[in-house]
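So this first bit is one chain, no partners, the form predicted on its own, shown in structure tokens.
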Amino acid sequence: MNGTWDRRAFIKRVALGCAGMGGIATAGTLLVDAGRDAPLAATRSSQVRDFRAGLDLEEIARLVVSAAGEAAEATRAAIASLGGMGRFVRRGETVVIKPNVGWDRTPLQAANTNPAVVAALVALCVEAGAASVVVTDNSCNEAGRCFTRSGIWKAAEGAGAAVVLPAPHRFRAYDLGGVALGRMPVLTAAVEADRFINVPIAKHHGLSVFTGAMKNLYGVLGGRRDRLHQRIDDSIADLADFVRPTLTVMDATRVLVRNGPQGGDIGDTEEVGRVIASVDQVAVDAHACGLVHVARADLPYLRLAAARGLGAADPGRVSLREIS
């Protein structure tokens, strides 16, 4: 076994009995996820995961908004405008790509990242000489169904990535050292690569109002993530402080404007046809929230993240390039 789950093998297992698999997963969680009941409290001893080593951030702090064709083409154009993937991924490096694969939904329902965006990024990393590319997320619904129905499993593997599902043994406790978040179980595949590319989808969220780049980082955590909602703005800022991506690429080709984050009704979605890319995840959120009809002033976590020096809550402070 090479450390990843084969898609065909998984589908076969589902056909043999979902109930048995669910029981095994539950037992595994109880036995292995030591951080499940970790206290939701600050520790002030952060193990920051900064994936920007060696990047000249001042030189590439540009915010690119691409409307250059369909999802894959727009994604490639956005990365090219930032100088190409070779500027972010060096030959021989390992890369993790973290889309939003939270829900058992199809691409038309706009609850998960567009699989064409994910596949384009995987292909660009492979072309840049990455030693390996992993696509992973800790889904809210059953992970195998989410990765399959979203189309991300097939698209990622087809482009050359390995898909890693959030099996219980793949979590290890890290100290986030945040204002709200302390020691938490973290998906190791998501934080142990050389480079981290965050690939959220822009959408409405019933509690945080908008979910984009910073909120997408919830998917690296295990345990009882519902507890993070007790102080959601502080929690989002804590996560953005803990995981500092190499690059953020926001899928705004089709966005969910109501009843998020799970959605389900295609009538709640809108075609926007945009892909947004930057090394500044705060600026990406500050720009993209408007595409979901949310004002920046309604997102306290933008201000909290900016106050920590994590990015620009006012996208007007970042040079903007629009391409079509």
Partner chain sequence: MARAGRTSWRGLRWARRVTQIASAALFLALIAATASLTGSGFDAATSATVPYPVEAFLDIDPFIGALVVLSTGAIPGALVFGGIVLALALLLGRAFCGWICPFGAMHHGISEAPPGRPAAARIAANRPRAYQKMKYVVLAVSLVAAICGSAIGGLLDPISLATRGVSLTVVPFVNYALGGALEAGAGSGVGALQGASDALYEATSGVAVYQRGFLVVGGVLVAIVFVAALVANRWIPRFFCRGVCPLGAMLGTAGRFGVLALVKDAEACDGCGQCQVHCSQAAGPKPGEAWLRAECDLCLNCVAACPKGAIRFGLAGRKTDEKSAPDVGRRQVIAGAALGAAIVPILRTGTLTSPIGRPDPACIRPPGAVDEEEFLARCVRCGQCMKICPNNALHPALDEAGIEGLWTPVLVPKVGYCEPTCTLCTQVCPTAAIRRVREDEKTGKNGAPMVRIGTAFFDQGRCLPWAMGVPCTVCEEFCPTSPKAITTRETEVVVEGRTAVLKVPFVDPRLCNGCGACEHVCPVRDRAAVRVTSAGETRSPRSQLLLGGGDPTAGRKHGS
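These figures come from a predicted structure and were not determined experimentally. Numbering follows the first chain given and starts at 1.
Keep in mind the form predicted together with its partner chain is missing from the figure; the text below concerns it.
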query: Residue contact check: Glu142 to its partner chain in the model of the complex, 4.5 Å heavy atom; finding: yes
query: Any non-hydrogen atom of Lys215 within 4.5 angstroms of its partner chain in the model of the complex; finding: yes
query: Close approach of Gly206 to its partner chain in the model of the complex, 4.5 Å, heavy atom; finding: yes
query: Gly264 within 4.5 Å of its partner chain in the model of the complex, heavy atoms; finding: yes
query: Stretch from 74-82, 173-181, 227-235, 243-251 whose residues place a heavy atom within 4.5 Å of its partner chain in the model of the complex; finding: 227-235
query: Joint contact, Phe196, Gly219 and Glu322 to its partner chain in the model of the complex, by non-hydrogen atom at 4.5 Å; finding: no
query: Its partner chain in the model of the complex - contacting residues of 178-200, heavy atom within 4.5 Å; finding: none
